[in-house]
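Presented as structure tokens, the chain that follows is alone, the form predicted on its own.
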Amino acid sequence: MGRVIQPFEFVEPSTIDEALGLAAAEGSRLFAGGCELVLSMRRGEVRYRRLVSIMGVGGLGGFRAHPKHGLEFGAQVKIRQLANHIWVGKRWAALHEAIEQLHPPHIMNMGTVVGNLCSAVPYYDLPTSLYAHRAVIRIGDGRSDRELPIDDFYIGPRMTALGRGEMVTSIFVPPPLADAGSAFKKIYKARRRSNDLHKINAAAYVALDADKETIVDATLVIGSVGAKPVRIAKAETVLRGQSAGHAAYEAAAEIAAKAVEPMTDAAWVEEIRSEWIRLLARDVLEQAASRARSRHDPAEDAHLAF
């Protein structure tokens, strides 16, 4: 951890075209906040001859949050900006809770959400929360853009669907339904092997009908159990149309515990982690539904413009 970082060239272009062109050279790397990058370089895991900062590129600093139109932020937006925004906390609670639990705290000041996502580190929390909110990744090459559901963004261990000459320009998070809530939780755990992930996290989104008695939509995600977060599609299907009560959340949690295979080679450890997955899944669903049931904010109805 205490290794000296080897010398490198630092460049700060002003356009996406220029940034991607510079990063295309062998031994070059795009970065924003650089939190994970610096750690990896100090550990000696990677070495680059050129680091290309995107923080001077125009058009990547946009940020807006509206309860009816959604949340959108560019690749330069620091995590702290989301943490401090009232509507992120009110309507995208799972993301807000994941941000609040970041450690160490200075990551919020230095890091960007896009950088956190693109690092593709299996145990990061923000991707799990963004899965629950069904975020859409906007990818550009300087000439055109394409959109990709976050479910399709990770393709393997520390691997993303970004093609050569592409970068993530922004992230869009759809607005939640009127009577909806979300939640994020995590449990730190002991490791048996060095490649075991050291925690498990979970996030959920639950939307209720107008009477707040029936589940009309749900997302359940378990993270830190593999190369990427896992959506429990079977549990989501079972929840839709069910009465919004403890029994429904328990049933969905049981499905999650059986659907996810924890990374371990010890049967007793697997049993414990499966139980943790069950408890986390149940708790985030109940918390999300409780928020959906109690949600009423007249100020939201008056908040009609960005």
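Numbering starts at 1 and follows the sequence shown. Note that the structure is a prediction, hence the values are computed from the model and not measured.
A second form of this protein, the form predicted together with a small molecule, is not displayed here; the remarks below concern that form.
J.: Residue 94 near the small molecule in the predicted bound form, any heavy atom under 4.5 Å?
T.: Contact check for residue 94: no, nothing within 4.5 Å of the small molecule in the predicted bound form.
J.: Can any non-hydrogen atom of residue 80 be found within 4.5 angstroms of the small molecule in the predicted bound form?
T.: Residue-level check for residue 80: no, no contact with the small molecule.
J.: I'd like to know whether residue 29 contacts the small molecule in the predicted bound form, with contact meaning heavy atoms within 4.5 angstroms.
T.: Yes, residue 29 sits close enough to the small molecule in the predicted bound form that at least one of its heavy atoms falls within 4.5 Å.
J.: Should residue 186 be counted as a contact of the small molecule in the predicted bound form, where contact means heavy atoms within 4.5 Å?
T.: Heavy-atom contact with the small molecule at 4.5 Å: present for residue 186.
J.: The small molecule isn't shown here, but in the predicted bound form which of 199, 134, 90, 85 has a heavy atom within 4.5 Å of it?
T.: Flagged contact: 199.
J.: Considering non-hydrogen atoms and a 4.5 Å limit, which listed residue (148, 162, 177, 227) is close to the small molecule in the predicted bound form?
T.: By the 4.5 Å heavy-atom cutoff, the listed residue in contact is 162.
J.: Could you tell me which stretch in 217-225, 230-238, 203-211, 96-104 has residues with non-hydrogen atoms within 4.5 Å of the small molecule in the predicted bound form?
T.: Comparing against the small molecule in the predicted bound form, the contact stretch is 96-104.
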